[in-house]
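Shown next as structure tokens: one chain only, the form predicted on its own.
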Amino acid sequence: MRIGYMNCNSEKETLERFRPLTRYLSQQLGVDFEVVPVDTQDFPERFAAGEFEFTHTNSLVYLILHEEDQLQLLATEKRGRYGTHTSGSIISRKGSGIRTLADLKDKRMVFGPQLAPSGFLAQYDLLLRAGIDPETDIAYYAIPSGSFKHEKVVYGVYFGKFDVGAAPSLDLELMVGDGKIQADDFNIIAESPIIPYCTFGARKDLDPQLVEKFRQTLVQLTQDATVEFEGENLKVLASAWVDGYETLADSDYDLLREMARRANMPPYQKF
């Protein structure tokens, strides 16, 4: 069976992070699982085509697959200070004079990928709720191409290419922790409400016992769980860069649904 993993920063990083976890799932469930890296924008089409049975995506792609193909919610990833949740921040360079949402009018802004809940949608919604239409009130906005888009947003603001940026709060936290940036290099102009983080799902027609065993295996993972992979004994959660998994209710994603509806974004867009 196949697990489609959404590429966040790059396919290489996706494989490195999730192949040990997938090996662990294969051993625990007695199923030969295959890792299938999938670009974010291709996920709905490839899932609908039946290319994989289980999914690991951001929370917005989960909503799309749940709405369009009745994807089952399994478990939500825990990482960073908000655990199973995350938020989106709007940042400016310290000393720029841009400190409030009102200061964003007629400025240049860089967003993360359009299907990124904490790198595009949350910030787009923040602007709309502040009475700022990104399509008319901002001088220019862009979405970077290539890999590591969220880091490119942060560096784009740091080096002055853009006045403000839409950065996931978790990515800021991680970049500070890795020494890539300093927290006092930026103003946090606004931060969104917290929304669910990355999510595992399953096709609606799978064996319910297999689906439940998959979910239980994820949520019962501890920091001490290990797996033999390519000649090494690896800690499963550490290899995947996560703190654990937790079962949420689909209703925990309702705030994200409200954001998507206000922003006229999938799966609720009206043309």
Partner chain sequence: MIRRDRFDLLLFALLLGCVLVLGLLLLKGQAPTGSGARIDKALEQQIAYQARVNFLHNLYQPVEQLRQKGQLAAALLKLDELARKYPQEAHGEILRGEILLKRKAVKQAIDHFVRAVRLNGDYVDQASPLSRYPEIQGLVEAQLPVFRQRAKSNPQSQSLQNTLTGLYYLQSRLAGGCE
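Positions refer to the first chain, counted from 1. Computed from a prediction, not measured in an experiment: that's the story for all the values here.
Omitted here: the form predicted together with the partner chain. The next part is about that form.
Asks: Are all three of 82, 191 and 212 close to the partner chain in the predicted bound form, meaning a heavy atom of each within 4.5 Å?
Replies: Verified in the predicted bound form; spot residues all in contact, yes.
Asks: Please pick, from 220, 70, 41, 233, the one residue with any non-hydrogen atom lying within 4.5 angstroms of the partner chain in the predicted bound form.
Replies: The residue from 220, 70, 41, 233 that makes the contact is 220.
Asks: Which residue, 115, 109, 172, 198, has a heavy atom that falls within 4.5 Å of the partner chain in the predicted bound form?
Replies: Residue within 4.5 Å of the partner: 172.
Asks: Spot the stretch among 176 to 184, 127 to 135, 143 to 151, 156 to 164 with residues whose non-hydrogen atoms come within 4.5 Å of the partner chain in the predicted bound form.
Replies: Among the listed stretches, the partner-contacting one is 176 to 184.
Asks: Would residue 247 count as a contact of the partner chain in the predicted bound form, using a 4.5 angstroms cut-off between non-hydrogen atoms?
Replies: Yes, residue 247 lies within 4.5 Å of the partner chain in the predicted bound form.
Asks: Give a yes or no for residue 93: in the predicted bound form, does one of its heavy atoms lie within 4.5 Å of a heavy atom belonging to the partner chain?
Replies: Heavy-atom contact with the partner chain at 4.5 Å: absent for residue 93.
Asks: With heavy atoms only and a cut-off of 4.5 Å, decide whether residue 87 touches the partner chain in the predicted bound form.
Replies: Close contact exists here: in the predicted bound form, residue 87 approaches the partner chain to within 4.5 Å, heavy atoms only.
Asks: With the partner left out here, check for me: in the predicted bound form, does some heavy atom of residue 226 sit within 4.5 Å of the partner chain?
Replies: Taking the distances in the predicted bound form, the answer for residue 226 is no, it never comes within 4.5 Å of the partner chain.
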